[in-house]
Structures are given as structure tokens and as C-alpha cells.
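A single chain comes next, written as C-alpha cells; it is the form predicted on its own.
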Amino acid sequence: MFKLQQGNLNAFMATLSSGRTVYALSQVDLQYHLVRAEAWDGDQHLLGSYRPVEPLKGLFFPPRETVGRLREDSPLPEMRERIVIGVKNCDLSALKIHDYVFLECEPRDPFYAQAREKTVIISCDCTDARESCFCPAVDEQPYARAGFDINLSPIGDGFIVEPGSEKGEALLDRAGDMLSPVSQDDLSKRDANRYAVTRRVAEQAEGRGLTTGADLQAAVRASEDADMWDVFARDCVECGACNFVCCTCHCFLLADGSSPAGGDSRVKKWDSCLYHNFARVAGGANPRKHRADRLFNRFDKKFVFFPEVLGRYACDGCGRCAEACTGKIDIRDVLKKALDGQ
């Protein structure tokens, strides 16, 4: 680990991002947005205090992606090297879910694999939180432990810089003249900052009835036949917003149509398990024709299925779904009802 002085941040980012397309955070009012640029701009770009509106998954699993031309051989288009700066742990941890779906299961997705290979991830500890954040309640924390190439931890007069991969170590070699040894006092400041933010987010979650360490898997599994799903489903308008802003949701469909370049093509598009026809089969039968069934299925997959297959929830407590829901269904309220046995 190293220390980077605050005054060297822009030069450091310019060095790391040289020759790469940049994705960084830009602030509008009190929200951050993930924006594309040709270079790091210290006047426009920030590391961010908390996660942006847009989930990181869109860079690896786009909302709409052409996968090939029909009746033609379609080689994988070459992707330019890119760097994402200011990634928060909720988005970073969510990539483990996508890696499982698109890399570790068959068939392996070559588009996703290339996107992962061509992307440098610079993560940064959260120094604040949105009201909707509840990561400690799902066994996460507002700072990264793994999965990054380089992580930055703000400590007042600068940053602790931690490499997390060989790719990250190679990049730091290019910026070595800007880095200095880290002291035990620096590490103590980082740990104190992390504890303070984690405690704050945990208290937010506890205020909504979600205690750190609660067994959400058992609670959701036991709630399958409860009336709560009918009650919450009355407010659902099947817009799919919760799925699309979720950092872990990964369902998609393949459709045939026209590509931007013209010609008949096959495209991969985000799909939503809340849509009425999501589970409908070719013969017309629909095993989840009621909204309550589809709503339960969403929670069952996140809090029951993935703990069984990966040993973790497919929810990182980012709170985006609560902010985006047209029907004002808050995931924290749903989980509390399940924990209460309702």
C-alpha cells in the first residue's frame, strides 16, 4: 500500500487513464452519475462520496447489445481499453454475481468476458451514504475488500492507495513518483473512517428494522405463502425499474431485429422478472401469472437461491430499487415484513 497526496490526484488519474476511455463520476445536485469521457477531467470528475445513480453492470452487460448478424459470421468486435474510476463496493461486489452467470456458467458470454478483460477498475471507499443505503444488512460494507485493480481510501490530506491485481500493480509502477510509503497513522485514519461510515449505514438499516447479521435467507424462504406478497404487489406497476437499476439483476432475452449499422441482427436486452410474460413458455402457460408470485420470485432468487449456489445474497444494499420504484415499494420494508414473519 502507498499514500497519494491530495494535490497529486489529477496527475495520478491522468497517468492511470492514459490511452483508455474514461468512465468517472460527475455530480448533479446531490446525485452522482457515471459518465464517459476521453480523459480524466479534474474540473468535472470526482471520486464520489457514495454510489452513482447508474449501476456499474451497464458497462459489462449493456441494456441492449448486438450479439451477431443473422445468416452471417459475426466476429467479436474489438473493445478499446477503458478505466472506471470511483467504483463503490456495492457495484464492485455485484460483479461476482455477473461473473457467475456470464463466465462460470455455460455458455460463457464472450462479450462480457472481453468487457471484464479490457476494463481497469479503480474503486474508492464511501465517505457518505444515501438514505436508501443498507449494505451492512446484507453482509456487505461501504468499502471494497476485493475485486478492484486499485482502491483509494480518502484520509483527509490524501489517499491510501491499495493494488488489488497484477494489472493494478503495473499501473502503479507508472505512477510511482507520486506515491510515498503509508504510515500506521494513515492506516488508523482509514480504519476509523471506514468504521464511522459503516456504523452510520448500519444504523440507517437498523432504523428500518434490518439488523446486521439477520438471516434473510430463512425469512424470505418462510414467507413464500404469506399475505405480504399480495399486499406489496398491489402497488407494483410492473415497470421493471427495480430490475434495471439493480446492480446484481442480470436477466435478459434474445430478440431478432435490426442493428444500428443496418441488417438483420440478434440482440441481447435486459429483461424484468416483474413483467407479466417473463415466465411464459412457448405453449402459452405462465407459472407466475400473478404479480405476487413474480414479486416473491424476485426476492427468492436474491435471498434464497444465490445463498444456496454462491453463499451470498444477490443484493448489495445499494438502495437504488427503493429510489426508482414507481409504486414506492421499499426493499427494506419487504425484508422487515419477512423477518417479522408476516
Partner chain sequence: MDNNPYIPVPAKLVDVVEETHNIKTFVVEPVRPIVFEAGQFVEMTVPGYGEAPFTPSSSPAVSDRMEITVMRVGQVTERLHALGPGAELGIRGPLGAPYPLDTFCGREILIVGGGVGLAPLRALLFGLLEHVDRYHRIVLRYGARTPSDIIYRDAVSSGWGQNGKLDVRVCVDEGDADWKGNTGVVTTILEPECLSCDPANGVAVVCGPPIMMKFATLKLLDLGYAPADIYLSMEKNMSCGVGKCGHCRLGRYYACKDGPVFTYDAIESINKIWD
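Positions refer to the first chain, counted from 1. Between two forms, the rigid core is the largest collection of C-alphas that superpose within 1.5 Å. Since the model is a prediction, treat every value here as computed from it, not as a measurement.
Separately, the form predicted in complex with its partner chain exists; it is not shown, and the next lines address it.
Student: Which of these residues, Val53, Leu70, Ala39, Leu46, gets a heavy atom within 4.5 Å of its partner chain in the model of the complex?
Tutor: By the 4.5 Å heavy-atom cutoff, the listed residue in contact is Leu70.
Student: By the heavy atom within 4.5 Å rule, which residue out of Ala196, Val231, Val237, Cys105 makes contact with its partner chain in the model of the complex?
Tutor: Looking at the other structure, the residue within range turns out to be Cys105.
Student: Please run the contact check for Lys189 against its partner chain in the model of the complex: heavy atoms, 4.5 angstroms, yes or no?
Tutor: The answer is no: Lys189 has no heavy atom within 4.5 Å of its partner chain.
Student: Flag Ser74 as yes or no: does it have a non-hydrogen atom within 4.5 angstroms of any non-hydrogen atom of its partner chain in the model of the complex?
Tutor: Answer yes; at least one heavy atom of Ser74 falls within 4.5 Å of its partner chain in the model of the complex.
Student: Given that the partner is absent here, does Asp256 sit within 4.5 Å of its partner chain in the model of the complex, heavy atoms only?
Tutor: Taking the distances in the model of the complex, the answer for Asp256 is yes, it comes within 4.5 Å of its partner chain.
Student: Hey, in the model of the complex, is Gln31 touching its partner chain, heavy atoms inside 4.5 Å?
Tutor: Contact check for Gln31: no, nothing within 4.5 Å of its partner chain in the model of the complex.
Student: Residues in which of 149-157, 201-209, 130-138, 219-227 have heavy atoms within 4.5 Å of its partner chain in the model of the complex?
Tutor: This holds for exactly one stretch, 219-227.
Student: Give, in sequence order, every residue of 108-143 that has a heavy atom within 4.5 Å of its partner chain in the model of the complex, or say none if there are no such residues.
Tutor: Sequence-ordered list: Arg108, Asp109, Pro110, Phe111.
Student: Does Leu30 show a Cα shift reaching 2 Å between this form and the one not shown after rigid-core superposition?
Tutor: Where the cores coincide, Leu30 shows only a C-alpha shift between this form and the one not shown that is less than 2 Å.
Student: Relative to the superposed rigid core, does Pro287 relocate between this form and the one not shown - that is, does its Cα move 2 Å or more?
Tutor: No: Pro287 shifts by under 2 Å between this form and the one not shown.
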